[in-house]
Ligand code: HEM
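For reference, the chain that follows is the form predicted on its own, supplied as structure tokens.
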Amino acid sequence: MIEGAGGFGPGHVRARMLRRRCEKWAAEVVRAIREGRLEVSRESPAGRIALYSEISGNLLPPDLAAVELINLLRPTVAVGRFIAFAGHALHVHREAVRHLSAGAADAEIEAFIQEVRRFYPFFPMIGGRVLEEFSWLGHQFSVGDWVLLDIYGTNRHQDSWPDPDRFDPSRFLRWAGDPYSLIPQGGGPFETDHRCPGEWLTIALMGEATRQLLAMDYTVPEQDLTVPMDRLPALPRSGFVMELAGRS
């Protein structure tokens, strides 16, 4: 589903088919929990969603609960791409991260994570249709128009990011936190605008993965680490292949 999200043609059709199949699987999980055929903790994500009651006291319809469960699973899996980029950055930009260690301060780890999110093209752009006519900076937008938000360009715009093509985590040690200049997962406050509410979970997962990478003893074999800019979502051509020390 993630691989086919940004394309057209057979790959996109296959992604939609996989989405429907995944929704059927998740709905069956919800039914199994409710009927006692599958035992899970009520405090687990699956337990909370399957047994959640609306104000009316009714449980969510199984299909809706299934979508909510997938909305937790899919982004968690997708964060694997950001983690691959973190490994890529630790290897390719060694000079910029030579000070980092597994025991580094939280602020230093988070600065590295934010620079990975700014620098790399996870989803270089997102699209949407205009719902209400408006004009902006001399451009007229009519209802139904397709609009592309240049995420990659915004995250590298020189007005916001001095020397934007240089990987430099230290820039985030003095960052003011502008939600409209760093938009790898949407812009503005997530409470009111189209910004992913799971952004902070992404940062937490990347932080844990980065500390583990820094603590591991591994080598990076010869591979193609170029990042194609015509692929949505993007990923290094070889992924990021590691060989752990002591393993053949």
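When you see a residue number, it is the position in the sequence shown, counting from 1. Because the structure is predicted, anything quoted here is derived from the model rather than measured.
There is another form of the same protein, the form predicted together with ligand HEM; it is not shown, and what comes next is about it.
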- request: May I ask you to check whether Thr76 falls inside a 4.5 Å heavy atom distance of ligand HEM in the predicted complex?
  value: yes
message: Can you tell me if His194 lies within 4.5 angstroms of ligand HEM in the predicted complex, counting non-hydrogen atoms only?
response: yes
message: How about Thr202 - does it come within 4.5 Å of ligand HEM in the predicted complex, if we only consider non-hydrogen atoms?
response: yes
task: Answer yes if any heavy atom of Gln185 is within 4.5 Å of a heavy atom of ligand HEM in the predicted complex; otherwise answer no.
output: yes
task: Considering ligand HEM in the predicted complex, find the one stretch among 159 to 167, 173 to 181, 123 to 131, 84 to 92 with heavy atoms no farther than 4.5 Å from it.
output: 123 to 131
- line: in the predicted complex, the residue from Gly198, Gly207, Pro62, Gly47 with a non-hydrogen atom within 4.5 Å of ligand HEM is Gly198
